[in-house]
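Only one chain is shown below, in structure tokens, and it's the form predicted alone.
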């Protein structure tokens, strides 16, 4: 377990952050995270059989929602929340009332840095979110706001205040986040490389977002963090987080918000079955060759000045362009609109706010 010095005396953002966990099993993994997670509020989204009792270790402050709860709270709009897929986690984003969200999978454990010290992943995510990003010009020393780093020669002074950070995308030791074909080719491959770096993903560049170790500013980008229609009754799975990431990145680029990737690491303990994964991913492997160029070419206008307006416009473009690829995308586009309607119903004050590009100030970590 972590030493007492591993956790700040007053946990960062203790009353401003929720931890969202999707699960179908008992949450014994929380014992390892207790020194880091216990001060925070947990939102547990139970997938699968709602009559099953999920055990949560004592001492954690949490609320738990199962499918019956989702149906009761959202009514007919519950159709936009996936079933039998970790995409259900986005319901937790919707019902949270906090400014920040950290989401983690239940097969992710505490990793260690090269010195052997346990990594407080949540603390690093918070530091990432509270410092600006540099999406408009790449800094070759990566995050210039980290201790011991700065802007390199030639970096425009006019851009050194940076932009607000909306997303902190963490990585994984041990089991890499590979697709099924790569899993099959490299069944024994493990990630043992610890890269001590945080960088901003440049404006105009997409990336495959992974939802198992992810934090974001809910007030800045929350409505765009919809993990789509996946799992039960759908022709595709394991693209939930990537779909959200592509939508989110287009919107962040448009609104002048930053996305960081790199630290922190977690220990991904369990490799999923590559044959089961291939069945889920099969269509997506082909579709992504059309989906990614679609997002790369997608544009938003000045009138799309809130996340909700941007997202509804993307839904319209998905229906018009990707609907030709497969009828599934027409259904997905409709679900995207339903998601925004449900978000605004549960978050009436937040829905009226406008996200604009601004700075966090040149804070040091």
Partner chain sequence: MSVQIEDSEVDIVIAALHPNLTPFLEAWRPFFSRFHIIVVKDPELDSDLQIAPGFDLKIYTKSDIEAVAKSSSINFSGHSCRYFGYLVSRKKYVISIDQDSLPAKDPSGLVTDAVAQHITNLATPATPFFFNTLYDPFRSGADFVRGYPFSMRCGVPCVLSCGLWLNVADYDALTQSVKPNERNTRYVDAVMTVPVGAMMPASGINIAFDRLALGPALLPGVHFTGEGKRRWETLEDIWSGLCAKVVSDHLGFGVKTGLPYVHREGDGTKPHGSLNKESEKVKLLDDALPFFQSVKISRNATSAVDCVAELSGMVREKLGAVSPVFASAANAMDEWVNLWKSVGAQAE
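Quantities reported herein were computed from a predicted structural model and do not represent experimental measurements. Positions refer to the first chain, counted from 1.
The following text describes the form predicted in complex with its partner chain, which does not appear among the structures shown.
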260 to 268, 74 to 82, 94 to 102, 214 to 222: which one contacts its partner chain in the model of the complex at 4.5 Å, heavy atom to heavy atom? 260 to 268
Please state whether all three residues 142, 178 and 289 have a non-hydrogen atom within 4.5 angstroms of its partner chain in the model of the complex. yes
Would you mind picking the one in 202, 274, 235, 256 that has a heavy atom within 4.5 Å of its partner chain in the model of the complex? 202
Quick one: from 119, 250, 171, 244, grab the residue that has a heavy atom within 4.5 Å of its partner chain in the model of the complex. 171
Answer yes if any heavy atom of residue 158 is within 4.5 Å of a heavy atom of its partner chain in the model of the complex; otherwise answer no. yes
Is there a non-hydrogen atom of residue 206 within 4.5 angstroms of a non-hydrogen atom of its partner chain in the model of the complex? yes
Within a 4.5 Å heavy atom cut-off, is residue 285 in contact with its partner chain in the model of the complex? yes
Should residue 190 be classed as touching its partner chain in the model of the complex when contacts are defined as heavy atoms within 4.5 Å? yes
Residues of stretch 102 to 140 in contact with its partner chain in the model of the complex (4.5 Å, non-hydrogen atom): 136, 137, 138, 140
